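Before any questions on binding or motion, here is one chain by itself as structure tokens, the form predicted alone.
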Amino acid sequence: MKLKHGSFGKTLIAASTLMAALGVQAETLKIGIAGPVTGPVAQYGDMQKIGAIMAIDKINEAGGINGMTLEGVIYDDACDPKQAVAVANRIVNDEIRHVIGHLCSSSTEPASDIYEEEGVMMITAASTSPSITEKGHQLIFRTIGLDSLQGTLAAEYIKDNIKPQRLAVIHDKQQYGEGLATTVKNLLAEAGTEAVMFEGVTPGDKDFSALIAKLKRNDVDFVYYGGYHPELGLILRQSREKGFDAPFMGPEGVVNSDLAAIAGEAMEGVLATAPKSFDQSPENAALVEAFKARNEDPSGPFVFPAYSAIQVMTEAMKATGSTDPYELADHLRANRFNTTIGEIGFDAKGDLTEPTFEIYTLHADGSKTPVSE
């Protein structure tokens, strides 16, 4: 079933107006929050969840949206594409028409096809694969930059500052990790630095001795890794144990306090690209304290992008007086918004017009510091 343009949102607004006039409790508008609640990258899903729920709570405290109270409904896709499809269909069947998520690109892409077909707006705060927004979908947006931009930043830094003689590029064989790794490898090759190794590892593997032995045989002096923190943490720890001490670099998928728990001292000095540390922005100081009051960590790379996803979605609802996904999508593309990640706008594909990634040095205590240019 595909909703007619405008019908769902206008029905909700009409119902809310009538109920308000009759003194009945306000309508509740449910927003799906889809991502990994379980599985090896559940901590990233938690970042998205706490950001989105905080934004929903703050909006409700201020009176809601157009007479409606918001409710976040959590769905677990475990960062698995098949589960993501099942979750997307469940969201449609639950008659939810607004989604924050999914998180892993390999889950977001198939889910986005279902949402587009069924008239559901989705804003992902974490999925960076360019192919997600290259299909011409009208209802799919993101509040994070693309792998093509993140990969370019990484490749330029490696070329200009690291200047490796024996480069290895490793990935986890998934859409996000392999896509980033391929981008970095190709850009460096164009600049004259050919990788002596381009290898994939299997998510969930625990023993990386064969990989490390190959890195040592090839005299690798720098490693770029595309993927998530569980595998990188083990690779780092086992590398140091086996006497391989070349520096590593990864994407925002490794910027996680659990990396320190897995790798220990071996993660000290790892480089990573990640969204700007929005928790350090003076404008977000009060919000940071609100997270801390809940014993929540506001420093994760997806916390503030998720908060901002709720912000822009609900600002569009206010401005249009509607919850219709198509009307909201038109408004998002035509306007700019002040959010916790700065002033943002969207291009025709639903991507940010000015996304920002920065390069950080990761530390064994789980913290990170910006790299000085």
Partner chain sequence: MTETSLYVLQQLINGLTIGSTYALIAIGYTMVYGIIGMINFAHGEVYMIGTYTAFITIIGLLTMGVGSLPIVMLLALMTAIIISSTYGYAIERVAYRPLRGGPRLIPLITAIGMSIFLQNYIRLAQGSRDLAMPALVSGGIQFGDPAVFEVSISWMQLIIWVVTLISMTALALFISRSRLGRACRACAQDLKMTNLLGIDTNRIIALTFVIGAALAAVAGVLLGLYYGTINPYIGFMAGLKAFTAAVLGGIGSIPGAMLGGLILGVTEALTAAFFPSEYKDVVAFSLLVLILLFRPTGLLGKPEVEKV
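For the two forms, the rigid core is made up of the largest set of C-alpha atoms that agree within 1.5 Å on superposition. Positions refer to the first chain, counted from 1. Nothing here was measured: the structure is a model prediction, and the numbers come from that model.
What comes next is about the form predicted together with the partner chain, which is not displayed.
Residues placing heavy atoms within 4.5 Å of the partner chain in the predicted complex fall in a single listed stretch, namely 204-212, out of 133-141, 204-212, 158-166, 288-296.
Residue contact with the partner chain in the predicted complex: Leu234 places a heavy atom within 4.5 Å of it. Contact check for Asp258: a heavy atom falls within 4.5 Å of the partner chain in the predicted complex. In the predicted complex, no heavy atom of Gly300 sits within 4.5 Å of the partner chain. Within this chain, Lys276 is remote from the site of the partner chain in the predicted complex, having no heavy atom within 4.5 Å.
Although the partner chain is omitted here, in the predicted complex all of Arg217, Gln238 and Glu241 have a heavy atom within 4.5 Å of it. The listed set Ala78, Ile74, Ala189, Ile262 contains one residue whose heavy atoms approach the partner chain in the predicted complex to within 4.5 Å, identified as Ile262. A single residue from the set Glu199, Asp221, Glu116, Glu268 has any heavy atom within 4.5 angstroms of the partner chain in the predicted complex; that residue is Glu199. Core-superposed comparison between this form and the one not shown: the CA of Ala213 exceeds or equals a 2 Å shift. If you fit the rigid core between this form and the one not shown, you'll see the Cα of Ala266 move by 2 angstroms or more.
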